[in-house]
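Taking the form predicted on its own, here's one chain by itself in structure tokens.
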């Protein structure tokens, strides 16, 4: 693989990809169902949806925030009825955080709204561009999880 930072064409492609991903990400964040939740709270719910129940410490690591911040976020989500705290199966000092049915319904509605927005946007692509984007989707998914 070429040096992606110092090779002129590769560096330009990396820069273009970064810019496009950031812009699409910002635009997608505005397609929210519940405006009362912060992007961080939505991210925590999404992490619980992808990874299942977790301790607040595990969530803090996955979300790249400090544990005290995650404790506050979990408390806010619990107060809104979106997560529940249950005893840890092996360590009574810890709690497990899991989504409620209300959170699952809200996340499904949010995904549906964002998918519809993105599908509508993609209708502006020609057939060749759409095929290239479809082919790139698994690579972008892999990149997002590296």
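Numbering follows the first chain given and starts at 1. These numbers come from a predicted model, not from an experiment.
If you look for the form predicted in complex with the DNA, you will not find it shown, but the lines that follow are about it.
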| query | finding |
| --- | --- |
| Interface residue in the model of the complex among 87, 57, 81, 52, criterion: non-hydrogen atom within 4.5 angstroms of the DNA | 57 |
| Answer option from 94, 47, 98, 110, heavy atom within 4.5 Å of the DNA in the model of the complex | 94 |
| Residue contact check: residue 102 to the DNA in the model of the complex, 4.5 Å heavy atom | no |
| The DNA contact at residue 66 in the model of the complex, heavy atom, 4.5 Å | yes |
| Residue 32 within 4.5 Å of the DNA in the model of the complex, heavy atoms | yes |
| Heavy atom of residue 115 within 4.5 Å of the DNA in the model of the complex | no |
